[in-house]
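Encoded as structure tokens, the following chain is the form predicted alone, with no partner shown.
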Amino acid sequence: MSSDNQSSNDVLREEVRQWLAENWRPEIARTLSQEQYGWETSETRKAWLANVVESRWAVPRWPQQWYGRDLSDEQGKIVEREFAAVRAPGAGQDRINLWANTLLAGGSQALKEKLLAPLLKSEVNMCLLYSEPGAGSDLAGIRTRADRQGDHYVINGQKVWTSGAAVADYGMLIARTDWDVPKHRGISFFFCPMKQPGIEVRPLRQITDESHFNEVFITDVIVPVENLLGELNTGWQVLNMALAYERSSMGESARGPRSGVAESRNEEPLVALAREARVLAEPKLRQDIAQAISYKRLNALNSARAKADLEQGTSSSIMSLGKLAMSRILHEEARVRTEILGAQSLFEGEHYPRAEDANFLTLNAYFTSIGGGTDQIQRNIIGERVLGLPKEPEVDKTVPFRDVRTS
């Protein structure tokens, strides 16, 4: 690194530190730490994010036209590290904000002007309208249709496993716009307004006794032409880019315990739990804990490598490694938690928070095994695109979708 670059980085680092010293307050941190898991953002978080966005720290790698600073990736990391050092959220959205990054890469000028800032500030609630009852692992088999009528499209179909649909303002939706070409080539990608007649959301009861997932019925729903992302019938490319950001986020972090009982911030949660249960001295358990921690450290390194390779508007097969690894990590951590607790893991309810957490994490791990593409799909992607193994046969790859046989 040249001395000029080092000097520039030092100036940037000091600027970020000074801004945080003037704006990040202990009372903001306390309020945000007490937030409950959900799909709507608190007013405190919105106000903080608005400050971060308006000061251009949220997406520093983006162009100045779109709330950025035109910084290099290295300088973007400096900003993120300084925010992380004081546990302040909001920076690094140019890497992890699924909605905003997808819109920046593929959206129309009008749609970007309308929604980019609200998305960065979490003023707009979003959901994903991808999977259908007959098109889950094979997303290219979707049958939701979009027919153009003048300055808008009319959407009809059904989606399923849609998190946050009940409160969403927009959904990122894929629909078929050409039935006379092979399935991957007739799909388009839209930002679909959710607050309109014709959208019916029905909650689904999950194994965790929650209802974050929904099925969505779409009847004669109107989507303006300007809400098309990418070119007509190129939605599969836009989808793969969006999935890369989603898998990046899922591979980096996951939902933690829900009991609300604080865990130690000074050591690994599994170590703290074993110490609390007075079983940390057991050799087999120590090995299991060490293995679980090593999975996490290795995945963090892989995620950093994958994000370094991910450029704006592209997709990366390496993201599948992180997403698949996180799935394994969550299942393994839940298993070790249960092993630490022993017979106590049979309890449940608010009076047994450690057991409640272990059981919830065991069940919720399947969210990561399925969401964003199942573990099996990730293995296919890794095998074909990372390891260079032969593709699985696709008998309908060149068949016009109208002629594809369905069960």
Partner chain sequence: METESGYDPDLWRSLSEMGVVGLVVDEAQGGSGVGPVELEAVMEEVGAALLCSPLLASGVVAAELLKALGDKGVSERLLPEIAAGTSIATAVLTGDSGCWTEEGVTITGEIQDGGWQLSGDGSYVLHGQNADVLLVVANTDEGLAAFVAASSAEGVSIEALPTFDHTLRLAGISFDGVEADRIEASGSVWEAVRRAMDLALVALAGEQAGGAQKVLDFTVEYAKTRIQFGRQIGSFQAIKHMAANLLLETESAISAARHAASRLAQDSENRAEAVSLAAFACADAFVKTAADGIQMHGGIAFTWEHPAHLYLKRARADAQLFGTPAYHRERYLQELGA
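All values reported here derive from a predicted model rather than from experimental measurement. Positions refer to the first chain, counted from 1.
The next section is about a form of this same protein that is not shown, the form predicted together with the partner chain.
J.: Looking in the predicted complex, any heavy atom of W66 within 4.5 Å of the partner chain?
T.: It does not: once the partner chain is placed as it appears in the predicted complex, W66 has no heavy atom within 4.5 Å of it.
J.: Since only the chain is shown here, I'm wondering whether E22 would be in contact with the partner chain in the predicted complex (any heavy atom pair within 4.5 Å).
T.: No, E22 stays farther than 4.5 Å from the partner chain in the predicted complex.
J.: Taking heavy atoms only, is R205 within 4.5 angstroms of the partner chain in the predicted complex?
T.: R205 belongs to the contact set for the partner chain.
J.: Wondering, does D180 line up within 4.5 Å of the partner chain in the predicted complex on heavy atoms?
T.: No, D180 sits far enough from the partner chain in the predicted complex that none of its heavy atoms falls within 4.5 Å.
J.: Counting only non-hydrogen atoms, which stretch in 353 to 361, 41 to 49, 26 to 34, 54 to 62 is within 4.5 Å of the partner chain in the predicted complex?
T.: The contacting stretch here is 353 to 361.
J.: G150, P283, P197, P133: which sits within 4.5 Å of the partner chain in the predicted complex by any heavy atom?
T.: Flagged contact: P133.
J.: Contact check in the predicted complex: N240, E332 and D403 versus the partner chain, with a cutoff of 4.5 Å between any heavy atoms. Do all three pass?
T.: No, the whole trio is out of contact, none within 4.5 Å by any heavy atom.
J.: Go through 342 to 365 residue by residue and record those having a heavy atom within 4.5 Å of the partner chain in the predicted complex; state none if no residue qualifies.
T.: Stretch hits, in order: G342, A343, Q344, S345, L346, F347, E348, Y352, A358, N359, T362, L363, N364.
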